[in-house]
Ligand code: AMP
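Given as structure tokens, the chain that follows is alone and in the form predicted on its own.
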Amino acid sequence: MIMSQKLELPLEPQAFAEDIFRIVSHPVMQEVYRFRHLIAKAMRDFLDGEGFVEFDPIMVGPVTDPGTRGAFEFRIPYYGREYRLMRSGILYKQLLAAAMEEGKIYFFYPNLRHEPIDAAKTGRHLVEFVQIDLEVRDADHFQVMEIAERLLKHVIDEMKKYENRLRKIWEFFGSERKSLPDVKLPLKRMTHREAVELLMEHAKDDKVIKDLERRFGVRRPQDRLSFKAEIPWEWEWYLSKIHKRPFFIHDYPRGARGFYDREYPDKPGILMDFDLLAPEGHGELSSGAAREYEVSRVFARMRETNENPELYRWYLQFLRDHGKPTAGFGIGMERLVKYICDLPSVHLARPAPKIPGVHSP
């Protein structure tokens, strides 16, 4: 059905503003949307089977997640006060995981993030997207990493049942992929330091540098690598590109993440957190961590990052009176669909996508 359809399908983001019905009604796009549904069902089946309880997302509040890597907040008037649209549900995840008898909760969380214009170039950023957000009480980051890899394996194994349909999508978009990977657990793990050291070795290759400069419009990407900061977008893509199976990076430096990611008690400056990356250049699928739950440590980290503790009064009171160890992660639905369907850009993973800088329906 897909390959017999000869309608031209414009792939650039602006096309969604110019002829959205033509795109959404195209058979290949409808098949992508069906896989989005199948992936969501596989994730819910897995989490429900693991004893998680699903909640409806909280959409507005006095504060939202401040650690979203350069994305700004959307603010709205709310009965005489200024509230924020949620950029993630991380603060509420801690609350519910601590409160619920099961200690395991999840959301299919719509996120709104005012991404900078440059984020549109990565092919992996949207202003509006869905994140499968979960949290587990009395767990650390290594324990939820095990949940993340089992969840991803479950989704991939379920989607392998539909590979004949997937191949038609892959062929339509010019993918060279022949099958989804056979996922064997545990997945490969490397620390942030090990990842940066590996990339610094590859940065000695002029061909690698020229390719990154051309693809991402950055000059001297080798100068952007640091043991004290996030891995830049272009290098994250490259690291993902040289892997054939999903893998983890963990133990990021303290300045790379928000105040809610817990610092190792015995490794100052290093956080108990992780990213799960897809191979083939698809990049980060998931980010997670053990959480700070001692109010004095959270307060100190807020001061360090210039957050106003007064805005977080309810959150600090909750931690003071009821805070417990928790850990969790979020998986971007659109990024996961992009990976499974091997799409050239994340904006193809949902109808009416909101791309930074592009005005569309």
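The first residue of the sequence shown is number 1, and the count goes up from there. In this text the structure is predicted, and so the values were computed from the model without any measurement.
One more form of this protein exists, namely the form predicted in complex with adenosine monophosphate (AMP); it is left out here, but the text below deals with it.
- The closest non-hydrogen atom of Gly332 lies within 4.5 Å of adenosine monophosphate (AMP) in the predicted complex.
- In the predicted complex, adenosine monophosphate (AMP) sits within 4.5 Å of a heavy atom belonging to Arg124.
- Of the heavy atoms in Val196, none are within 4.5 Å of adenosine monophosphate (AMP) in the predicted complex.
- Put simply, Ser287 is close to adenosine monophosphate (AMP) in the predicted complex: some heavy atom of it is within 4.5 Å.
- The partner is absent here, but in the predicted complex a heavy atom of Phe129, alone among Phe248, Phe129, Phe172, Phe259, sits within 4.5 Å of adenosine monophosphate (AMP).
- Here the chain stands alone, but in the predicted complex its contact with adenosine monophosphate (AMP), taken as any heavy atom within 4.5 Å, falls in 109 to 117 among 174 to 182, 153 to 161, 136 to 144, 109 to 117.
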